[in-house]
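Quick heads-up: it's one chain on its own, the form predicted alone, in C-alpha coordinates.
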Amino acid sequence: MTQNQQDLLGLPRRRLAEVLAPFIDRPYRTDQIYRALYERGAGEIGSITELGKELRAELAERFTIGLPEVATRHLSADGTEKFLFRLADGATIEAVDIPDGRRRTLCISSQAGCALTCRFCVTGYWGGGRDLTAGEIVAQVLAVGKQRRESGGGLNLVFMGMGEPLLNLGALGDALEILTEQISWRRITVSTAGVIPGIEELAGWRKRPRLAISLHAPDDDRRSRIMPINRRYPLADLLAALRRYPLDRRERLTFEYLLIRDFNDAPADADALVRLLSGLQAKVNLIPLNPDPVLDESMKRPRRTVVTAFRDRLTSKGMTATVRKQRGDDVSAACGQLRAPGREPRGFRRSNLSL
(Lines give C-alpha, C1' and ligand atoms only; values in the text may rest on other atoms or scores of the structure.)
Protein backbone atom coordinates (compact mmCIF):
# COMPACT_ATOMS: atom_id res chain seq x y z
CA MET A 1 0.00 0.00 0.00
CA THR A 2 1.40 3.40 -0.97
CA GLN A 3 0.94 6.48 1.16
CA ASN A 4 -1.79 7.82 -1.13
CA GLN A 5 -3.81 4.62 -1.30
CA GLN A 6 -6.80 4.02 0.98
CA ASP A 7 -7.59 0.56 2.28
CA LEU A 8 -11.08 -0.57 1.32
CA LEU A 9 -11.07 -3.51 3.72
CA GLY A 10 -12.97 -2.72 6.90
CA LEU A 11 -15.37 -0.21 5.35
CA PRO A 12 -19.01 -1.12 6.04
CA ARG A 13 -21.33 -0.93 3.06
CA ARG A 14 -22.53 2.65 3.68
CA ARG A 15 -19.00 4.03 4.07
CA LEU A 16 -17.72 2.06 1.12
CA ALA A 17 -20.40 3.72 -1.02
CA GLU A 18 -19.31 7.17 0.19
CA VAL A 19 -15.64 6.53 -0.53
CA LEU A 20 -16.28 5.09 -3.99
CA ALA A 21 -18.96 7.61 -5.05
CA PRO A 22 -16.56 9.95 -6.92
CA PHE A 23 -15.17 7.07 -9.01
CA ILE A 24 -18.17 4.96 -10.02
CA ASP A 25 -21.21 5.97 -12.03
CA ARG A 26 -23.55 3.12 -11.11
CA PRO A 27 -24.57 2.33 -7.49
CA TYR A 28 -24.59 -1.42 -8.12
CA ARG A 29 -20.81 -1.25 -8.58
CA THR A 30 -20.51 -0.69 -4.83
CA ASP A 31 -22.40 -3.93 -4.17
CA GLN A 32 -20.13 -5.78 -6.59
CA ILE A 33 -17.03 -4.51 -4.80
CA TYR A 34 -18.52 -5.16 -1.38
CA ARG A 35 -19.33 -8.78 -2.25
CA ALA A 36 -15.89 -9.26 -3.76
CA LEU A 37 -14.27 -8.00 -0.55
CA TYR A 38 -16.30 -9.80 2.08
CA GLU A 39 -17.87 -12.80 0.39
CA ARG A 40 -15.14 -13.83 -2.03
CA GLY A 41 -12.17 -12.40 -0.09
CA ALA A 42 -10.63 -10.60 -3.07
CA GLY A 43 -7.00 -9.76 -2.39
CA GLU A 44 -6.50 -7.03 -4.98
CA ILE A 45 -8.60 -4.63 -7.02
CA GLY A 46 -7.47 -6.24 -10.26
CA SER A 47 -9.16 -9.53 -9.34
CA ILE A 48 -12.62 -7.93 -9.17
CA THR A 49 -13.42 -8.89 -12.74
CA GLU A 50 -17.04 -7.78 -12.43
CA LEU A 51 -15.62 -4.31 -13.02
CA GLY A 52 -14.34 -3.11 -16.35
CA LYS A 53 -10.58 -3.04 -16.97
CA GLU A 54 -10.34 0.76 -17.01
CA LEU A 55 -12.32 1.13 -13.77
CA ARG A 56 -10.17 -1.50 -12.06
CA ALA A 57 -7.02 0.34 -13.11
CA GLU A 58 -8.36 3.67 -11.84
CA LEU A 59 -9.45 2.21 -8.51
CA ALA A 60 -6.14 0.33 -8.10
CA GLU A 61 -4.28 3.65 -8.26
CA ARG A 62 -6.28 5.04 -5.35
CA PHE A 63 -7.24 2.04 -3.25
CA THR A 64 -5.84 -1.20 -1.90
CA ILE A 65 -7.20 -4.31 -0.13
CA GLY A 66 -5.21 -4.85 3.04
CA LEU A 67 -5.23 -8.59 3.56
CA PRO A 68 -2.37 -9.45 5.95
CA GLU A 69 0.50 -11.78 5.22
CA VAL A 70 0.14 -15.22 6.78
CA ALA A 71 3.66 -15.38 8.23
CA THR A 72 3.42 -18.81 9.87
CA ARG A 73 0.90 -21.55 10.60
CA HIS A 74 1.22 -24.05 13.44
CA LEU A 75 -1.00 -27.12 13.50
CA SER A 76 -1.68 -28.75 16.86
CA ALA A 77 -2.01 -32.49 17.33
CA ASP A 78 -5.68 -31.92 18.21
CA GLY A 79 -6.43 -30.10 14.92
CA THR A 80 -6.28 -26.58 16.31
CA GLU A 81 -4.31 -24.24 14.05
CA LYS A 82 -2.59 -21.00 15.03
CA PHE A 83 -1.98 -18.28 12.45
CA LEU A 84 0.62 -15.54 12.79
CA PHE A 85 -0.28 -12.52 10.66
CA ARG A 86 2.14 -9.78 9.69
CA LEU A 87 0.37 -6.47 9.14
CA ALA A 88 1.31 -3.70 6.71
CA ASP A 89 3.37 -1.78 9.30
CA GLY A 90 5.22 -4.90 10.48
CA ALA A 91 3.11 -5.49 13.58
CA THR A 92 2.19 -9.11 14.26
CA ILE A 93 -0.96 -10.68 15.66
CA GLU A 94 -2.18 -14.24 16.18
CA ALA A 95 -5.52 -15.93 15.61
CA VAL A 96 -6.57 -19.49 16.37
CA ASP A 97 -8.88 -21.78 14.40
CA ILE A 98 -10.43 -24.47 16.62
CA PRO A 99 -12.38 -27.35 15.01
CA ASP A 100 -14.87 -29.27 17.13
CA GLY A 101 -16.79 -31.86 15.17
CA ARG A 102 -19.00 -29.99 12.73
CA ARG A 103 -18.42 -26.68 14.49
CA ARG A 104 -15.51 -24.30 14.24
CA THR A 105 -14.51 -21.51 16.57
CA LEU A 106 -12.20 -18.77 15.39
CA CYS A 107 -10.44 -16.81 18.15
CA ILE A 108 -9.28 -13.44 16.80
CA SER A 109 -7.35 -10.41 18.04
CA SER A 110 -8.49 -6.80 18.45
CA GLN A 111 -5.12 -5.20 19.29
CA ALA A 112 -1.50 -5.87 18.38
CA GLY A 113 -0.53 -6.56 21.99
CA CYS A 114 -2.29 -5.71 25.26
CA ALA A 115 -1.54 -3.05 27.88
CA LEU A 116 -3.60 -4.64 30.68
CA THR A 117 -0.73 -6.91 31.87
CA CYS A 118 -2.91 -9.65 33.37
CA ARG A 119 -0.42 -11.90 35.18
CA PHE A 120 -1.61 -15.13 33.61
CA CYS A 121 -1.55 -13.87 30.01
CA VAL A 122 1.43 -14.14 27.68
CA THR A 123 0.11 -11.30 25.51
CA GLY A 124 0.24 -9.00 28.53
CA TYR A 125 3.85 -9.99 29.20
CA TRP A 126 4.84 -8.52 25.83
CA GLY A 127 3.04 -5.27 26.61
CA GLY A 128 0.72 -2.91 24.81
CA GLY A 129 0.46 -2.43 21.08
CA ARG A 130 -1.73 -0.42 18.77
CA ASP A 131 -5.43 -0.89 18.07
CA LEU A 132 -6.26 -2.91 15.01
CA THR A 133 -8.31 -1.31 12.26
CA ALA A 134 -11.68 -2.74 11.35
CA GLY A 135 -10.05 -4.08 8.20
CA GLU A 136 -7.34 -5.88 10.18
CA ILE A 137 -10.01 -7.48 12.37
CA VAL A 138 -12.14 -8.62 9.43
CA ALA A 139 -9.02 -9.73 7.54
CA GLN A 140 -8.27 -12.41 10.14
CA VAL A 141 -11.62 -14.05 9.44
CA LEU A 142 -11.22 -13.75 5.67
CA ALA A 143 -7.63 -14.99 5.68
CA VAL A 144 -8.35 -18.06 7.80
CA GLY A 145 -11.44 -18.81 5.71
CA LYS A 146 -9.36 -18.61 2.55
CA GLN A 147 -6.72 -20.94 3.99
CA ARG A 148 -9.41 -23.37 5.08
CA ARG A 149 -11.43 -22.78 1.89
CA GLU A 150 -14.53 -22.34 4.01
CA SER A 151 -17.11 -19.58 4.38
CA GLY A 152 -18.49 -18.09 7.58
CA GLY A 153 -21.45 -20.45 7.68
CA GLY A 154 -21.54 -22.40 10.96
CA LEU A 155 -18.58 -20.49 12.35
CA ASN A 156 -18.41 -19.27 15.94
CA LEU A 157 -16.34 -16.12 16.37
CA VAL A 158 -14.76 -15.13 19.70
CA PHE A 159 -12.81 -11.96 20.43
CA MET A 160 -10.55 -13.68 22.94
CA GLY A 161 -7.23 -13.28 21.15
CA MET A 162 -4.68 -10.54 21.64
CA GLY A 163 -5.92 -7.26 23.12
CA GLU A 164 -8.91 -5.83 24.97
CA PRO A 165 -11.80 -5.47 22.48
CA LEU A 166 -13.67 -2.84 24.50
CA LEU A 167 -10.68 -0.50 24.28
CA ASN A 168 -11.12 -0.56 20.49
CA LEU A 169 -14.88 -0.20 20.18
CA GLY A 170 -14.92 1.96 17.05
CA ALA A 171 -13.07 -0.58 14.94
CA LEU A 172 -14.91 -3.44 16.65
CA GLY A 173 -18.28 -1.92 15.73
CA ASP A 174 -17.37 -1.48 12.07
CA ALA A 175 -15.92 -4.98 11.89
CA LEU A 176 -19.03 -6.51 13.44
CA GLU A 177 -21.28 -4.60 11.04
CA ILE A 178 -19.44 -6.37 8.22
CA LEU A 179 -19.02 -9.78 9.83
CA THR A 180 -22.64 -10.13 10.93
CA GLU A 181 -23.77 -10.17 7.32
CA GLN A 182 -22.21 -13.66 7.22
CA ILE A 183 -22.17 -14.73 10.89
CA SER A 184 -25.11 -14.43 13.30
CA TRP A 185 -24.75 -12.04 16.23
CA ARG A 186 -25.57 -15.00 18.47
CA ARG A 187 -22.47 -16.82 17.23
CA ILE A 188 -20.12 -13.97 18.15
CA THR A 189 -18.72 -13.42 21.65
CA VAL A 190 -16.69 -10.45 22.83
CA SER A 191 -14.60 -11.01 25.95
CA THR A 192 -13.57 -8.15 28.22
CA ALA A 193 -11.37 -7.87 31.29
CA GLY A 194 -14.02 -5.57 32.75
CA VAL A 195 -13.75 -2.19 30.98
CA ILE A 196 -16.89 -0.60 32.40
CA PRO A 197 -17.20 2.35 29.95
CA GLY A 198 -16.96 -0.13 27.07
CA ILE A 199 -19.61 -2.38 28.63
CA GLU A 200 -21.91 0.62 29.04
CA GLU A 201 -21.37 1.70 25.43
CA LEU A 202 -21.94 -1.82 24.16
CA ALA A 203 -25.18 -1.96 26.16
CA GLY A 204 -26.51 0.90 24.03
CA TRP A 205 -25.97 -0.85 20.70
CA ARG A 206 -29.16 -1.84 18.87
CA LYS A 207 -27.67 -5.29 18.22
CA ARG A 208 -24.98 -6.80 20.41
CA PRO A 209 -22.69 -9.83 20.39
CA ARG A 210 -22.59 -12.18 23.36
CA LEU A 211 -20.58 -10.78 26.25
CA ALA A 212 -17.97 -12.69 28.29
CA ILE A 213 -16.18 -11.29 31.31
CA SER A 214 -12.72 -12.39 32.43
CA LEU A 215 -13.30 -12.69 36.17
CA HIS A 216 -10.72 -15.15 37.55
CA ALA A 217 -11.15 -14.36 41.26
CA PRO A 218 -14.14 -13.92 43.57
CA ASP A 219 -12.76 -10.93 45.52
CA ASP A 220 -10.98 -7.64 44.83
CA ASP A 221 -7.74 -8.52 46.60
CA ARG A 222 -6.89 -11.57 44.52
CA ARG A 223 -8.36 -10.19 41.30
CA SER A 224 -6.22 -7.06 41.58
CA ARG A 225 -3.11 -9.18 42.12
CA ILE A 226 -3.56 -10.96 38.79
CA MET A 227 -5.59 -8.32 36.91
CA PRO A 228 -4.38 -4.74 37.54
CA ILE A 229 -7.46 -3.37 35.75
CA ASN A 230 -9.48 -4.36 38.84
CA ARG A 231 -7.93 -1.45 40.73
CA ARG A 232 -9.60 0.93 38.27
CA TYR A 233 -12.84 -1.02 37.86
CA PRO A 234 -13.37 -3.00 41.09
CA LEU A 235 -15.80 -5.86 41.34
CA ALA A 236 -18.67 -3.92 42.95
CA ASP A 237 -18.69 -1.39 40.10
CA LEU A 238 -18.22 -4.08 37.46
CA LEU A 239 -21.06 -6.24 38.78
CA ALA A 240 -23.32 -3.17 39.04
CA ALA A 241 -22.67 -2.37 35.36
CA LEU A 242 -23.39 -5.98 34.41
CA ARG A 243 -26.65 -6.00 36.34
CA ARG A 244 -27.75 -3.06 34.17
CA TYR A 245 -26.67 -4.77 30.97
CA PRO A 246 -29.66 -5.67 28.74
CA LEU A 247 -30.18 -9.40 28.10
CA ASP A 248 -33.02 -11.29 26.52
CA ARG A 249 -34.64 -14.16 28.38
CA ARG A 250 -32.47 -16.85 26.78
CA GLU A 251 -29.19 -14.95 26.98
CA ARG A 252 -26.57 -15.29 29.70
CA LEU A 253 -23.40 -13.48 30.55
CA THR A 254 -20.38 -15.77 30.44
CA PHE A 255 -17.90 -15.42 33.29
CA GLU A 256 -14.49 -16.85 32.47
CA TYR A 257 -12.76 -18.13 35.57
CA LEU A 258 -9.13 -19.18 35.32
CA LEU A 259 -8.28 -21.86 37.87
CA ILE A 260 -4.81 -21.46 39.44
CA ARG A 261 -3.56 -24.10 41.85
CA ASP A 262 -3.84 -23.09 45.52
CA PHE A 263 -4.84 -19.54 44.56
CA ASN A 264 -8.52 -19.53 43.59
CA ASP A 265 -9.52 -23.20 43.30
CA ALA A 266 -10.76 -24.06 46.80
CA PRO A 267 -14.36 -25.07 47.62
CA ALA A 268 -14.74 -21.80 49.54
CA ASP A 269 -13.80 -19.93 46.35
CA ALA A 270 -16.57 -21.71 44.47
CA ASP A 271 -19.02 -20.67 47.19
CA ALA A 272 -17.82 -17.07 47.01
CA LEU A 273 -18.20 -17.08 43.25
CA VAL A 274 -21.81 -18.24 43.52
CA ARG A 275 -22.55 -15.43 45.99
CA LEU A 276 -20.84 -12.86 43.77
CA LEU A 277 -22.91 -13.77 40.70
CA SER A 278 -26.18 -14.24 42.56
CA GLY A 279 -29.15 -12.79 40.68
CA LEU A 280 -27.39 -12.54 37.33
CA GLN A 281 -28.27 -14.49 34.18
CA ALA A 282 -24.86 -16.09 34.23
CA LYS A 283 -22.85 -19.14 33.34
CA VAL A 284 -19.27 -19.88 34.35
CA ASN A 285 -16.61 -21.19 32.00
CA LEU A 286 -13.77 -22.70 34.03
CA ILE A 287 -10.32 -22.54 32.42
CA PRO A 288 -7.50 -24.53 34.05
CA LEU A 289 -4.34 -22.42 33.75
CA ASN A 290 -2.24 -22.94 30.62
CA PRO A 291 1.38 -22.56 31.79
CA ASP A 292 3.99 -20.80 29.66
CA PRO A 293 7.74 -20.22 30.18
CA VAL A 294 7.28 -16.43 30.49
CA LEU A 295 4.79 -16.75 33.36
CA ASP A 296 5.59 -16.99 37.05
CA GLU A 297 6.58 -20.57 37.91
CA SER A 298 4.38 -20.41 41.02
CA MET A 299 1.29 -20.27 38.78
CA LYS A 300 0.35 -23.88 38.18
CA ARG A 301 -2.56 -25.76 36.68
CA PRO A 302 -4.82 -27.45 39.28
CA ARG A 303 -5.16 -31.20 39.34
CA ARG A 304 -8.02 -32.56 37.27
CA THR A 305 -9.86 -33.78 40.37
CA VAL A 306 -9.77 -30.26 41.82
CA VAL A 307 -11.16 -28.79 38.59
CA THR A 308 -13.97 -31.32 38.53
CA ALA A 309 -14.78 -30.76 42.21
CA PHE A 310 -14.89 -26.97 41.66
CA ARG A 311 -17.30 -27.37 38.74
CA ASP A 312 -19.48 -29.81 40.64
CA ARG A 313 -19.67 -27.49 43.63
CA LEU A 314 -20.88 -24.66 41.39
CA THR A 315 -23.51 -26.82 39.72
CA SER A 316 -24.69 -28.21 43.06
CA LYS A 317 -25.54 -24.65 44.06
CA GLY A 318 -27.53 -23.99 40.90
CA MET A 319 -24.83 -22.34 38.79
CA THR A 320 -24.36 -23.40 35.17
CA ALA A 321 -20.66 -24.26 34.82
CA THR A 322 -18.50 -25.89 32.18
CA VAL A 323 -14.79 -26.65 31.87
CA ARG A 324 -13.07 -25.33 28.75
CA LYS A 325 -11.23 -27.99 26.81
CA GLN A 326 -7.49 -27.48 26.55
CA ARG A 327 -6.86 -27.03 22.83
CA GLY A 328 -3.70 -26.14 20.94
CA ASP A 329 -1.39 -25.94 23.95
CA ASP A 330 1.35 -27.88 22.14
CA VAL A 331 1.70 -24.96 19.68
CA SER A 332 1.09 -22.20 22.29
CA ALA A 333 -2.41 -21.58 20.95
CA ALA A 334 -4.36 -22.23 24.15
CA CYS A 335 -6.13 -19.58 26.21
CA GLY A 336 -3.64 -16.96 27.44
CA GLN A 337 -0.71 -18.14 25.30
CA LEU A 338 -0.88 -15.79 22.29
CA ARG A 339 2.15 -13.58 21.83
CA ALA A 340 3.83 -11.07 19.49
CA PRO A 341 7.05 -12.71 18.28
CA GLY A 342 10.05 -10.48 17.67
CA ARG A 343 9.15 -7.89 20.30
CA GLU A 344 10.94 -7.11 23.54
CA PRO A 345 8.75 -7.63 26.63
CA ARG A 346 7.25 -4.39 27.93
CA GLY A 347 4.74 -5.70 30.44
CA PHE A 348 5.26 -7.38 33.81
CA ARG A 349 8.43 -9.22 34.77
CA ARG A 350 8.38 -12.70 36.26
CA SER A 351 10.39 -11.49 39.26
CA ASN A 352 7.60 -9.05 40.17
CA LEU A 353 4.94 -11.72 40.40
CA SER A 354 3.77 -12.96 43.75
CA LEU A 355 0.60 -14.87 44.35
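Just so it is clear, the structure is predicted and the values come from calculations on it, not from any experiment. For every residue, the number given is its place in the sequence shown, counted from 1.
From this point on, the text means the form predicted together with a small molecule, which you will not see here.
Shown here without its partner, the chain carries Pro68, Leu84 and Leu172, none of which come within 4.5 Å of the small molecule in the model of the complex through any heavy atom. This chain is drawn without the small molecule; in the model of the complex, the residue among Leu132, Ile93, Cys121, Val96 with a heavy atom within 4.5 Å of it is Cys121. The small molecule in the model of the complex is approached by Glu164, whose closest heavy atom lies within 4.5 angstroms of it. In the model of the complex, the small molecule sits beyond 4.5 Å of every heavy atom of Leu37. The closest non-hydrogen atom of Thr192 lies within 4.5 Å of the small molecule in the model of the complex.
In the model of the complex, the small molecule lies within 4.5 Å of some heavy atom of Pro288.
Shown alone, this chain has one stretch from 68-76, 252-260, 199-207, 178-186 that lies within 4.5 Å of the small molecule in the model of the complex by heavy atoms: 252-260.
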